[in-house]
Every structure is written in structure tokens, then in C-alpha cells.
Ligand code: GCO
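Shown here is one chain on its own, the form predicted alone, set out as C-alpha cells.
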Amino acid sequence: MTASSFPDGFRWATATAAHQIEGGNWNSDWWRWEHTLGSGVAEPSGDACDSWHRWEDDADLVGEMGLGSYRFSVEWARIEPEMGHFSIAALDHYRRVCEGLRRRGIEPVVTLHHFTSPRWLADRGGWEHPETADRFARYAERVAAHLGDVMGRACTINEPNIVASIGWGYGAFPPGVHDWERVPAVQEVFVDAHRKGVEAIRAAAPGVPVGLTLSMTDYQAVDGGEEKMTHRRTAMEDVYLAATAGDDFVGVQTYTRERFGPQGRLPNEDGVTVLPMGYELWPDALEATVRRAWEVTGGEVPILVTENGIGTDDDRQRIEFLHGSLAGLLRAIDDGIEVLGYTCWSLLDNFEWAYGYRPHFGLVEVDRTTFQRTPKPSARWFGEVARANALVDIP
């Protein structure tokens, strides 16, 4: 290795999520939420990027960048449209996606749950109901059995801490609950679902590495804010990191930092660039969260960066952010932290949940009418990094 190179076998990837790119996911709780008066969603997902039909275009883009992995999610509402009734056609569709990626020399990294749930599950209590953990495990087993010989890696649940806190605390995700006292029960179900999901996947697809992906933030205490910061970090991260013991990896996903004073969370700091979604541009967050995940898990669970990126209309700013994030990641690796790979969020400009289509995280622009994909300069630069397996200069 040189000072700017990554370890041999380091996995370079980009990522998407089914609901954000496929389109027409009408049977999910999120589609219903988008069309609920007062939900606060800027606009419905609609056709999204039409990736249900154009997935081969997306796979070609990943291959053209020279990336070795592509993380995407399968949609529970399509696979199990009613409780206990599984769609072979939907499972076959996702199998074709995995096979198409394999033909291009790309490892399929399959996420089983990325924010969206079937309507029938939500109507039966969703992630607040203890039986949901068993229902998730049954679903995970069916997916793993169908895709086990073609998927390269499995992620059980994407950012359960975000679903729990925003769905049951802030009320901005379905089911739209504003009651923080109900959040711990949701967390318990998510942890149980992850553990049972790991067991189910390992039983149905032996040898496929499996782990959890977690939203992590560079939490910082300012002028006596340690107690408030620790309380927030413990609730948002530690309960889930503790649940990764024995996993093949923990997926670290990070975008920014949060500062806490004695009275709680502080506003953005003066002089720090604020991005369109309202948070600070803070590339150092990746190094900080990777180090903390490694520390909390006792160095027992390898790290896989499963999301890191920036929502911006300034593509040079995107390149600068990724460069800064990767420089920090190299420092962590140099200190002996086992990092398996890096995933840039995201491949496409897509549906960004409550924000609609306004934030642009993609390496590739998507025309909202024709669905034409146009790689940005950041896609070319990121491809150069992947091919070199090293941090190359900003053009």
C-alpha cells in the first residue's frame, strides 16, 4: 500500500433502494404515507426512476464505473403482497437482477428491508408488534433461499434507528407517531428481527455474509453537552451496535455531525457550509463513525461502509466531499481498523423520502420525464478511484 491506496480486495460500490428507484410500489406503507393528507411528504414517488424495468441500464452504469459491488434492496411488498402469500415472479425478478450483476462482474449486495413495509404488515402493528420479527425472519428465509447462490452479501435491515425515531418519535415517516415513549418498543422489535433474520439467512444461504446497516452520526459534545450527547448516541446507535455481535460485518452509514450543549442539540455552527437538506457539510463524519463502530463492537465485527454521500446540486462539491471522506477512511484503515469496502450513496438522483425529488445524491442524473441516465463528473472521478483502488486527485 501507498499512503493513498486501499487494501487489496477492498470493495468499491454504489447503492440504491427499491422504493426510491423502482416506481409503482403502491402496496407499501410508504406509498400510502405519500398520499396521506398532512404527511408532509413533498411529492409522491410515482414512477421513481423506473428501475423495475430499467435495472439493466443501472447495472451497466455500475459496471462502466468499474465498481465491484452494487447494493440494492428487494421490496417486501412485492415479494409478499399479502401475509403468507409469496410472489415467485417478484423473487424471479430480483434473481435476474443478481444474475445480471454477476454477468457484469459485480457482487450483488442485497438489503432485505430499506424503510418500506407491506401495507398488511403495517395494518397488523408494523414494527411495534413483536410478531413482526418472526414475519421478517420468514420473509428473509424465502428471499435467501431464492437468491442465496447468486447474492454476494445480505443486509438485514437498513437504518432501523431512523425508522424507529422518525416514524414513532418525530412522526415524519409512517406510521406518523409523535410519541418518544413508544420508540424503545420499536427498537426491541427491530433488534429481534435482525437477530432472527441473520439466523434465517444463514440457514437458507450458508456462506453468504450477513449484517446490519446503521445510520451513524459524528456526535460531538460542546461546553458541557456530554450528558445530552451520550443519551442521544446511546439511544440511536449503541442498542443496535450491541446487536451485531457475531455478524459478518456492520454497515456504517453516515452523512454529517450533530453538536450537543447542556440543553440539548445545537444549531448548525456559523461558518460551516449547510447543505440543501439542512445539515452541515462534514466529511470528517465518516472517519469518526467508523472509529466508533469499531470501538463499540470491540474490534470483533468488520466494518463495511454501506452509505456515504452528499445531497447537492454542485457536483464539484460532491467530489470534494467524497475525497475528504475517503481521506479520513484511509486514516482509520492505517490505524488498523478492518474496513471491507466503501459504498457511495447513491447511484441515481432518486426519491428522497419526505423531501421528494429535490435533493440530488446521485452520481448519475435522471431525467424526470424520459428517465434518461446521464453520469456526472463525480461518477467518472469515483470510477477512477475504484479502478486505482486509491484516492486520486480532485480534477
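This is a predicted model, so every value here is computed, not measured. Residue positions are given as counts along the sequence shown, with the first one as 1.
Beyond the structure shown, there is the form predicted in complex with the named molecule, which is absent from this document and is the topic of what follows.
Proximity of His114 to the named molecule in the model of the complex: non-hydrogen atoms within 4.5 Å are present.
Mapping the unseen interface onto this chain, Thr256 falls outside it, with no heavy atom inside 4.5 Å of the named molecule in the model of the complex. In the model of the complex, at least one heavy atom of Glu159 sits within 4.5 Å of a heavy atom of the named molecule.
The closest non-hydrogen atom of Trp31 lies beyond 4.5 Å of the named molecule in the model of the complex. Proximity to the named molecule in the model of the complex, taken as heavy atoms within 4.5 Å, picks out 350-358 from the listed stretches 35-43, 350-358, 322-330, 59-67.
The partner is absent here; in the model of the complex, the one residue of Ala185, Ala245, Ala172, Met277 having a heavy atom within 4.5 Å of the named molecule is Met277. Scanning 313-351 for heavy atoms within 4.5 Å of the named molecule in the model of the complex gives just one residue, Trp345.
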